[in-house]
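To begin, one chain is listed below as structure tokens, in the form predicted alone.
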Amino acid sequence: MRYALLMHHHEPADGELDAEVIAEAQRAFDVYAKALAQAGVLLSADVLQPTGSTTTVTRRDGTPRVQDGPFAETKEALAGIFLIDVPDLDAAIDWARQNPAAQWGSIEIRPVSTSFLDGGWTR
């Protein structure tokens, strides 16, 4: 089953983290992504740019609206996504525990409902 591991954490301001801390986190994510790939469960991984680069589109009243920034104001921001394919929730939880971002934020595990693959929706 496909699961999205959604990494939420405090978004550091420019200059808040020194280069050594950033390099250490990059090494940890490299090890983690390679472990997922070697286990044959990694479908994709994306680290998102800061929320300041976000654009939100809505059409709730029928009129498209485009606004700068994230839709919801929160203390933690969605920072990245790992999409994995594992047998069950227990396996997804085990991989989430190993995610380096679990040290400074939270990892939301969300089962994928359907996917657009090979030109069509699954199900």
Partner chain sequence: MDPLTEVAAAARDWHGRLLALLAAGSGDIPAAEDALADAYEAAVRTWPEQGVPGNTGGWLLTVARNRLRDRWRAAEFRRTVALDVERDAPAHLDDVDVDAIPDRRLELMLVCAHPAIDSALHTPLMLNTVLGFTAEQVGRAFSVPAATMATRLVRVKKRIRTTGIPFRIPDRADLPARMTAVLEAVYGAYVLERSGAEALHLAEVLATLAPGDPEVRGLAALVQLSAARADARIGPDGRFVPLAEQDPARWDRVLIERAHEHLRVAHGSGRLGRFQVEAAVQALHCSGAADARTLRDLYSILNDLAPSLGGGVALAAVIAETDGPAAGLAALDALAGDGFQPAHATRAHLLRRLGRHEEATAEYDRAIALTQDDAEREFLIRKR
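Positions refer to the first chain, counted from 1. These figures come from a predicted structure and were not determined experimentally.
FYI, the form predicted together with its partner chain isn't displayed, but the following is about it.
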Just one of 24-32, 83-91, 52-60, 37-45 has heavy atoms within 4.5 Å of its partner chain in the model of the complex; which?
83-91
Tell me, yes or no, whether A4 is in contact with its partner chain in the model of the complex, where a contact means a heavy atom of each within 4.5 Å.
no
Under a 4.5 Å heavy atom criterion, is W121 part of the interface with its partner chain in the model of the complex?
yes
Given that the partner is absent here, does R97 sit within 4.5 Å of its partner chain in the model of the complex, heavy atoms only?
yes
Taking heavy atoms only, is G15 within 4.5 angstroms of its partner chain in the model of the complex?
no
